[in-house]
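Below you'll find only one chain, the form predicted alone, shown as C-alpha cells.
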Amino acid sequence: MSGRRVVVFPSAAELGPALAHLVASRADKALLDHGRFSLGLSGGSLVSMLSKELPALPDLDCSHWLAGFCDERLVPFDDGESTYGLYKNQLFSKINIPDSGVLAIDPSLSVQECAEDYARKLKEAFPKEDIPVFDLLLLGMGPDGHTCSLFPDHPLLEETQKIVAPIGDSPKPPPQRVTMTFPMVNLARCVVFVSTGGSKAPVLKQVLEGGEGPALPAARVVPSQGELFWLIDEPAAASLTLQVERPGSAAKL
C-alpha cells in the first residue's frame, strides 16, 4: 500500500467538497486507465454528504461508473434502512449513472441466498478478477469500531473464502445484512474512511493509534496495494496525537 493519510478538516462542511473532488479524481484516473470507474458505497452520513457534493461538481460524467455497496441491510428498497433506497432517491436521481451501473442486492432472498447472489453479481461485473478489485471504496465507522457490517469479535472478521458474507445476528439493527469481507475490501485500489463528530474521537484514537486488545474492524482495513485515506473533522480528531494533514477544503487529495 502507498501509506495511510489522515486528513483533518475544520468541520464536515469543509470535508464534503474535498471528498467529492477525491471521488472525481479517482474516477478520472480509472476511466483513463481501464475505461470504467467502480465505486463501493456505504450508508450513514455518507449518503447525504455525497448526495449534496457530487452533483455540485461541474461536468461530472457518471455514464461509465459502476456502483456497488460495501454492505447492505436485508430490507425492502422502500424501507428507510435500505442503503440502496437512500442513494436511489438522494443521489442516483441527480447524476447520469445508468441503472445497469448500480449493483443492488435482491431483498426478496434469504440472507444466505442474498449474499451468494450479490457475490455472483459482483463476479459477473468483474469477470477478469478472482476477487473484484474496486477503484474506490467509501467506508464509515461506527462508535464500536465496526465498518461495513463487520463488527468487533464477530466470526466474519476471520472470513477468508467469501467475498460477500451474510450476517444474521448484527449487533446493530436491522439484524440481517450482507457485507463485503476483508479479502475484498483490502484489494481495493483506494479506500476512504469518512468519520465526523466528537462521539467518534475515542474509537478513532484506538483505531488509528492502537490500544489494548484485538484490533477493531476498522483498523483491519489495510489495502495490500492501494491507497488508504481517513477524512475526519476536528471534533473527531480531538484525541489524536499522531501526525495529520490539515490542508483545507480546497485540498487536492
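Just so it is clear, the model here is predicted, and its values are computed rather than measured. Heads up: residue numbers just count along the shown sequence, starting at 1.
Keep in mind the form predicted together with a small molecule is missing from the figure; the text below concerns it.
Enquirer: Tell me the stretch among 180-188, 40-48, 22-30, 221-229 that has any heavy atom within 4.5 angstroms of the small molecule in the predicted bound form.
Expert: This holds for exactly one stretch, 40-48.
Enquirer: Just one of V164, L137, L74, M141 has a heavy atom within 4.5 Å of the small molecule in the predicted bound form. Which one?
Expert: Exactly one listed residue reaches within 4.5 Å, namely M141.
Enquirer: Using a 4.5 Å heavy atom cut-off, state whether K205 contacts the small molecule in the predicted bound form.
Expert: Answer no; every heavy atom of K205 is more than 4.5 Å from the small molecule in the predicted bound form.
Enquirer: Counting only non-hydrogen atoms and a 4.5 angstroms cut-off, does K88 reach the small molecule in the predicted bound form?
Expert: Taking the distances in the predicted bound form, the answer for K88 is no, it never comes within 4.5 Å of the small molecule.
Enquirer: Answer yes if any heavy atom of K172 is within 4.5 Å of a heavy atom of the small molecule in the predicted bound form; otherwise answer no.
Expert: K172 belongs to the contact set for the small molecule.
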